[in-house]
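Take a look at this single chain, the form predicted alone, given in structure tokens.
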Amino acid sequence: MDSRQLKNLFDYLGKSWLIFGPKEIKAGGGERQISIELLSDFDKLVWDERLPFYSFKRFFVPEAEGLFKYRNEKLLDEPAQSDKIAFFGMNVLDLRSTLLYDQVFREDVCYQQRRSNFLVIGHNIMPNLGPAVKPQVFDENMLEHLSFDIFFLALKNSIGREGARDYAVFAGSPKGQKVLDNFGYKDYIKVEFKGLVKEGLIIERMQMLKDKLENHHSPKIWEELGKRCIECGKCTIACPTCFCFRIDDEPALKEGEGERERCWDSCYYQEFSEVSGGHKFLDNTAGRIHFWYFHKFARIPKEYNMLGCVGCRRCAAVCPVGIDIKEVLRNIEQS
């Protein structure tokens, strides 16, 4: 598919779907950053190595959502119907995060209803995470271990005038195939999902980190980090795979009526582990930061056979005291 056809596909989808994708915006202080925004103009779509400041998490797992309203013991309505949204231009790292959402919320009615109205369109341009991180290389075999409907692989040596280029097109679901067929594009390759994690070094590292955290890590790591961390929770907000939430029941003025709401929570917050009687299972900063790493690199691998981290380093980018997950993992590995 060439750039002209890609634009035509964008316009075609815009007739039936809301399109969200990476877009350059002016942030605080006049700085420019990449944000996930509603798009109506294909030319505003940013499709390069710049990583969006925040991920697509808020669409899959909203900051707050009403689960249902109730009157006494009776539910008054079903979960609200969600919009049809096409995510145009998800990078590989953010695609990996959707795998975890799909596992964690596979039996969640609200999530599944919302997820059924999403069209996920990815691309192979790997994000540039800075000079301190070894550049990641896209491997076509990755496609068998990602969750997407349509995927565009930019072909080497195909850049033409004004940056136009050609793409190989892959369909990763019946929904993606249907969209491409209805659009009138038939020259795509079907991809069959073959598991959450590709065998090899990723599996080996996942098992090594899990073993270290369960059996061999040094407590001094958490003691030192506990002296630096200010428990702001910014890392959990920026992280595409942090999915912890709390449930709130909001009573209405009329007795016996109210609404149940689900909203984001963070293991760094004081009340996160508090139970009746005021006891807190996580009662100090060192314990909280250890809990966060243990969840991502020991408990999630044990429960879902995948890492709870996609390697985007957004947590390091927003940390006000400079805690870098890359350095922490290196200390765990060497402990």
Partner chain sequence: MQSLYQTKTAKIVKITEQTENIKLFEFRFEQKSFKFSHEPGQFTMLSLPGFGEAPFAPCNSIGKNLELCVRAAGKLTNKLHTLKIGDKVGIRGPYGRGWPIASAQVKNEKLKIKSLEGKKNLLIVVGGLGLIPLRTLLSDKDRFLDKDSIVQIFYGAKAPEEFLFKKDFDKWRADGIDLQLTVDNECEGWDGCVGLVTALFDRRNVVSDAKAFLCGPPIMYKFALKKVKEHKFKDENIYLSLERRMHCGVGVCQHCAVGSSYTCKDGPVFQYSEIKDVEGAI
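Residue numbers count along the first chain shown, from 1. Remember, it's a predicted structure, so these values are computed and weren't measured experimentally. For clarity, a rigid core is taken as the largest C-alpha set superposing within 1.5 Å between two forms.
Although not depicted, the form predicted in complex with its partner chain is the subject of the following passage.
Participant: Pick the stretch from 167-175, 236-244, 117-125, 184-192 whose residues have a heavy atom within 4.5 Å of its partner chain in the predicted bound form.
Facilitator: Contact-bearing stretch, as computed: 236-244.
Participant: Looking at 299, 50, 58, 44, which has any heavy atom no more than 4.5 Å from its partner chain in the predicted bound form?
Facilitator: Looking at the other structure, the residue within range turns out to be 299.
Participant: Let me know the one among 230, 155, 208, 109 whose heavy atoms come within 4.5 Å of its partner chain in the predicted bound form, would you?
Facilitator: Comparing distances to its partner chain in the predicted bound form, the residue within 4.5 Å is 109.
Participant: With the cut-off set at 4.5 Å between non-hydrogen atoms, does residue 262 touch its partner chain in the predicted bound form?
Facilitator: Yes, contact at 4.5 Å.
Participant: Tell me, yes or no, whether residue 31 is in contact with its partner chain in the predicted bound form, where a contact means a heavy atom of each within 4.5 Å.
Facilitator: Outside the cut-off, so no.
Participant: Considering only heavy atoms, tell me if residue 276 and its partner chain come within 4.5 Å of each other in the predicted bound form.
Facilitator: Judged by the heavy-atom cut-off of 4.5 Å, residue 276 is in contact with its partner chain in the predicted bound form.
Participant: Please check if residue 72 has a heavy atom lying within 4.5 Å of any heavy atom of its partner chain in the predicted bound form.
Facilitator: Within the cut-off, so yes.
Participant: Which residues, if any, of 280-319 lie within 4.5 Å of its partner chain in the predicted bound form when only heavy atoms count?
Facilitator: Residues within 4.5 Å: 281, 290, 291, 294, 295, 298, 299, 302, 303.
Participant: After superposing the rigid core, is the C-alpha displacement of residue 178 2 Å or more between this form and the one not shown?
Facilitator: Shift of 2 Å or more: no.
Participant: Determine whether the C-alpha of residue 71 shifts by 2 Å or more between this form and the one not shown once the rigid core is superposed.
Facilitator: The answer is yes, as the C-alpha of residue 71 shifts between this form and the one not shown by 2 Å or more after core alignment.
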